[in-house]
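Below you will find one chain, with nothing else, as structure tokens; this is the form predicted on its own, and questions on how it binds or moves follow later.
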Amino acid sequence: MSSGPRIGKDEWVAREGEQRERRSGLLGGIARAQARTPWWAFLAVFVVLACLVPVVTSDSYIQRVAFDTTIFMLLALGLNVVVGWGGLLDLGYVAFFGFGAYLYAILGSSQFDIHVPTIVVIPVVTLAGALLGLVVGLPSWRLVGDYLAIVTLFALQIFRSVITNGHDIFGSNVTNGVNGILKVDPLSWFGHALPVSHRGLFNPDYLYVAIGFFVVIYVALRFVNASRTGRAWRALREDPLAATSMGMPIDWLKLMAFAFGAGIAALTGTLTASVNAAVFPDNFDVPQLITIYAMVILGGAGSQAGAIVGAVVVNVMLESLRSPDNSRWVFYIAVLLLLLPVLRSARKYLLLVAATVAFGFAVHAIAGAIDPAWTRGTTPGGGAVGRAIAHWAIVPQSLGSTREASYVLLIAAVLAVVTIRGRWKLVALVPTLYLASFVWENVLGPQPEITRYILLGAILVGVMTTRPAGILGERRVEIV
């Protein structure tokens, strides 16, 4: 058999399977196991684990986090259709999510005293969301890239303006303005309402309903991706000009991608409105959009499994970072993990960790000897780990102007480390890591609501630096 390049195939792509089989170590074993295991087996295991959450724990907060994670998984799947498969930069995606929630609230609340049964309103809202996606997608016939992003972002702002000022639309109160729509009907099936809470606790039945919708959407999209439409979407994403020359109706493919994504987002909005029993304008804004995009990008745009992994990782991480104790664990573990691809040597890695620990104790002792007030502060969250850190990191009683100076100094140190090469880079990393711990314990840790997004962004940058395609994204060969 000839070992030369095969006609009609890129040699790197043709030998990707062979390279995967030769890959050694833990990652190689995982890659081979993933390639040999059918997709439905992974889905079945994941669904079973998700359904076991209410069985394993009775904590209402954890159950609600599991429900919210499922909602984000649905949103990530819908955005993956538009961005990952269609290659369209849609910055108005959250508008479809909000449209579904508000339409469900209008059709199932005391706002207009309309109470349409769930079995009717959910298909109606989903279809209406898909039609809205077609309307918003019309400009995509002539626009691509940044231009399309600007138009869709403008559509999101129009939606925000409408729902915020919807208390007076042609003299009628449609959305109740900034106060939102309250007393939204819960899900009901054939006259039987599903209560949102029981004795003030989250009803886990809503988690099972969300998982059911997730399974249906995931399987349906799986078949769509394997169809001619799915292959055409990927061709459109890779090269619109080549797809056009092959006779593909790229205009209709763009509209279909918008419609599929918008329909899934609107469907997800009905679940959110029903479980919250209310909708508000602030729930559908740019931060929500950024979070969903982070999930798709982190997991790997174009991969259904990647969208799920990204949603789980991002939402669970954001929730865990609400507590200073949990955020401290995430911060230090993330730093240790991000150092692995930077050093690429076990000996250097262990040497750096040991040197940083020793450097920290030495600096802490010197600072305490100079002025005991420099080391008598308290770490956020406390706990055993916090008390141990307090004997290593400098935590003064009062920061004063040190707060702003530490930010600037850390940024300067990071920039310096990036430019240094050779063994001096390893030396410069020691004080830089210790300075990062000072900033975390004194500045970022006490502000979890701000810090969790900063830490998420840093982790996202680190992952994308080491793996640009995302956790489960497909590696592509680009012709430049």
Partner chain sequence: MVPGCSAARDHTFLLLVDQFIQTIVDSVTLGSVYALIALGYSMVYGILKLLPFAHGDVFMVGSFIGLGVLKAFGGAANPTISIWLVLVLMALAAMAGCAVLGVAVERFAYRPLRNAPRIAPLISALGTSFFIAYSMQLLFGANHRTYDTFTMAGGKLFLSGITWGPLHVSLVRIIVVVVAVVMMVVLWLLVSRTRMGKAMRATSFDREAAMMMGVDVDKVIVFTFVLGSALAGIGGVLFSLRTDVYSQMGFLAGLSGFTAAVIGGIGSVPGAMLGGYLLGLVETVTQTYISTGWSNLFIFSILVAFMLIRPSGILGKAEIKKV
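Predicted model only: the values in this text are computed from it and were never measured. Positions refer to the first chain, counted from 1.
Keep in mind that the form predicted in complex with its partner chain is not shown, yet the notes after this line are about it.
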- [ ] Could you check which residue among 443, 65, 429, 436 gets a heavy atom within 4.5 Å of its partner chain in the model of the complex?
- [x] 443
TODO: Could you spot which one of 278, 91, 335, 312 gets a heavy atom to within 4.5 Å of its partner chain in the model of the complex?
DONE: 91
TODO: Report whether the minimum heavy atom distance between residue 404 and its partner chain in the model of the complex is within 4.5 Å.
DONE: yes
TODO: Mark residue 472 yes when one of its heavy atoms lies within 4.5 Å of a heavy atom of its partner chain in the model of the complex, and no otherwise.
DONE: no
TODO: Look up in the model of the complex whether residue 247 has a non-hydrogen atom within 4.5 angstroms of its partner chain, and give yes or no.
DONE: no
- [ ] Using the partner position in the model of the complex, report whether residue 287 sits within 4.5 Å of its partner chain, counting heavy atoms only.
- [x] yes
TODO: Would you mind picking out the stretch of 182 to 190, 158 to 166, 104 to 112, 205 to 213 that comes within 4.5 angstroms of its partner chain in the model of the complex, counting non-hydrogen atoms?
DONE: 158 to 166
Task: Candidate spot 150, 241 and 465, all three touching its partner chain in the model of the complex (heavy atom, 4.5 Å) - done: yes
TODO: Heavy atoms within 4.5 Å of its partner chain in the model of the complex is the criterion; list the residues of 58 to 86 that meet it.
DONE: 83
